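The form predicted on its own is given below as one chain in structure tokens.
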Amino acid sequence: MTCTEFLSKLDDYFDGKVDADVLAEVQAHVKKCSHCEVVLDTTRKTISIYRENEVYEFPAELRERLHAAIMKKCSKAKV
């Protein structure tokens, strides 16, 4: 399985709509491909957070830096 094939199966994988052979291929690919392993893990965590409606508070300093960066980017876009 290639990374492209892996990505094309990701939705079905999370929906539980892949047969046993494809599931085995996905699992084998993830074991040898660290990039796809990260994609799988990140997607799994994102789905979990979304389903649980968890709210994460950023530390004030990070929130301020992020806000400043966004505002700076927005002000450049208006020019």
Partner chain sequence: MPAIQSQVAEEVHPDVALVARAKLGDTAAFEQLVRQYERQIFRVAQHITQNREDAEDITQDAFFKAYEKLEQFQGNSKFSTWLVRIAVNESLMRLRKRKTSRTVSMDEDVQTEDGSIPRDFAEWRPNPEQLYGQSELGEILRKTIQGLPPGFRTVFTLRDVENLSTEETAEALGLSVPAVKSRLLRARLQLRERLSRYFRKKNGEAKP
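Numbering follows the first chain given and starts at 1. Think of the rigid core as the biggest set of C-alphas that the two forms share within 1.5 Å after superposition. Quantities reported herein were computed from a predicted structural model and do not represent experimental measurements.
Only in words, not in the display: the form predicted in complex with its partner chain, which the text now covers.
Proximity of V55 to its partner chain in the predicted complex falls within the 4.5 Å heavy atom cutoff. Shown alone here, M71 lies within 4.5 Å of its partner chain in the predicted complex, counting heavy atoms only. Within 4.5 Å of any heavy atom of its partner chain in the predicted complex lies no heavy atom of E25. Interface residue remark: D15 is counted as part of the site for its partner chain in the predicted complex, having a heavy atom within 4.5 Å. Annotation for 19-47: interface residues with its partner chain in the predicted complex are Q27, H35, V38, V39, D41, T42, T43, R44, K45, T46, I47 [heavy atom within 4.5 Å]. Relative to the superposed core, E64 undergoes a Cα shift of 2 Å or more between the shown form and the other one.
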